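Two separate entries follow, structure 1 and structure 2, each one form of the same protein chain as structure tokens.
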Structure 1
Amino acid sequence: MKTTTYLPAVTGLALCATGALAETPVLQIMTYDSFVTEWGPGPAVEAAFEEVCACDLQFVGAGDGAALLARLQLEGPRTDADIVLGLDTNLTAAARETGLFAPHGVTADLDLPIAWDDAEFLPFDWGYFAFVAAAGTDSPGSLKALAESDTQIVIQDPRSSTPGLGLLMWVKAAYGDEAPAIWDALADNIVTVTPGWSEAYGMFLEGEADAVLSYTTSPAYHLIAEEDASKTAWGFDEGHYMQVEVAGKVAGTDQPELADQFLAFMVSDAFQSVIPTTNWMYPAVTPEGGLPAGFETLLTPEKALLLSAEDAAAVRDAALDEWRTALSQ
């Protein structure tokens, strides 16, 4: 008798619990893989936002940054994502053309080196691309000198990786019509081309190349997290290409209020204070406590290069063809 009267009660409790869980709204954010790793910003951001949203925040990794756009174009209006986080200004024009994004509606005092007035894409961090090498090694001094040297490098595929695409834009912005000649000269310096940043940086750390395409902020990770000053970013005379990473709200989201709440949260101190020591980039809004000790030692490029979103979209296909032609020879 105890068994027959107990089971329905347990079943009822289980149904209640299931119903309660089902009522918890889910906000799904599509982002790049390194964002959601245990050492990336994802876990800390998820915990902090769930404290204030009464929701279930779910990050979905979709490869490296440039792969986000490809996946979104493939899924179209059928996407389950409410927010896409991890595009940059080299991709926002193409992302806007999909018609899948809605205005973010966030007003914030951004700490960027450039003016920002994009109504659909909101920055969350920024940085400069650079080649990272062992401290004490002499910098070639320029992209052109690097191409003329015997230095072995690892880079990322511009079709799947925002750093890889950033290098294409860097060469194009610095050399214009001379870009094909730079790529021809660089081809024999390239050990391999990886799908994303993590694979390339791992190869460099394992000693498979002299330098890796990364960021001026990358040495901060080694300095702060590992108390290791053995890495440096090379400064180049023609300047360094800037990256501004953004998030956008998917117009077809079934959680518009939650999406708006997250985008507002994204420029708050709770989110921005996480960025420097998890994503190892400059935050879009300087945290209340300032930047971590060690960031003051980083390379500050004397010249910043950045094509507008429209100009980057206009030259992307030609730059990709130049890169592909040089590396296929």
Structure 2
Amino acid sequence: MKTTTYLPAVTGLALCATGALAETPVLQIMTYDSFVTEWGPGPAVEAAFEEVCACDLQFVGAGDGAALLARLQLEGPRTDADIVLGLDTNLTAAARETGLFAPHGVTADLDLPIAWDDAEFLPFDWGYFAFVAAAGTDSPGSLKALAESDTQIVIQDPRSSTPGLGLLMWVKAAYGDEAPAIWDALADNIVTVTPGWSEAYGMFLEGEADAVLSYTTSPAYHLIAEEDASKTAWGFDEGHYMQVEVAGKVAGTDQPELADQFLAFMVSDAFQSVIPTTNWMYPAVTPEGGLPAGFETLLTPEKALLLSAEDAAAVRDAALDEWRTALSQ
């Protein structure tokens, strides 16, 4: 009851405070949830950028990558966000179509295994999808061999999860028209399909499957944060599909200079050095000090697979149908 009584007074104070702070410009970044948590890159990035920008950096968390795009589409041109951070290449075609993004205008020397040329979306980190298993287990060697083996895996649903969509694209990029045959053969290996990454990874850790679809960098988390070397990522001959996570400037931003400043900051050391051990991905630009100890133990795929944003968007519906048909039998 006390709160109610004092509420007008508190609101008044808060309004005064807002008035006093009105000089400080606010940069609002819409991103996915795990970026802003206390274990994610958010807090360190905020502190580092606020040191140089004389501004107030605010994060708005919105589910995962797909939820992020949906949120932006819901808000439309009226959005308060100045920057959207955390889409991946499977989503950028749809994001571009909204017409809500402006060119980023940053030229940076990116350390991606592939060439990057996108006027609107700038990568901040990347990783390879991989099946993660207990250390000491032998990799089947390829998607095809996995499909022919009796190894039990748990994957995510491409209709509700970005890694799930990544695997769909992986099979499509590696096998093209033969993707349905691979899914047919994989069907009896798949223990279950989960709505999101967390459920799948949790089930794998509980021993429900031999391997889980995750990232080559997942073992680094266990190694560095938990000093536990019991996980490994399996290398596959077809190559590994990549996830490139990008940010874009919202065209209608009321802080265009700050947004530009942030995007330039995003590919600098101060931001990039935070990424490996908070987001557990590879930085888009390797920081001066190199990657943290432990990352050298990770699997480095020989071949990187990635469909362009346009190709990914073009094949998605057909690939989804193939996936659903193969796994529904």
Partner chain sequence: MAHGAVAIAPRWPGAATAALVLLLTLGTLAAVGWRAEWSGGVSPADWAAVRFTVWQAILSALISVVLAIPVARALARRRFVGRGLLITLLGAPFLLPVIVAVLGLLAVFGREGIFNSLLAALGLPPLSIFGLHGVVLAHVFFNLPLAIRFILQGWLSIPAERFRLAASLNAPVGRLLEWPMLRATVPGTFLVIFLICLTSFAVALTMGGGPRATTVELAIYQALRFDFDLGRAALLACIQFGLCVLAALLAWRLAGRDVTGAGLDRVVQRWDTSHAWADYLMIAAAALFLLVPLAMVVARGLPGLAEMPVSIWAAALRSVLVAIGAAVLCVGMALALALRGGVLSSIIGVLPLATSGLVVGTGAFLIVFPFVRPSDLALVVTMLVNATLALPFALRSIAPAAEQISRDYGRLAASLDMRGWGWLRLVVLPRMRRPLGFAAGLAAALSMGDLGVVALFAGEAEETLPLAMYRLMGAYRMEAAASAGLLLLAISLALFWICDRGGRANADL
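Computed from a prediction, not measured in an experiment: that's the story for all the values here. FYI, numbering is relative to structure 1, first residue = 1.
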Form predicted on its own - which displayed structure it is:
1
Which entry of 107, 76, 296, 38 falls at the hinge, with the rigid parts compared between structures 1 and 2:
296
How far, in degrees, does the smaller rigid part turn against the larger one between structures 1 and 2?
16
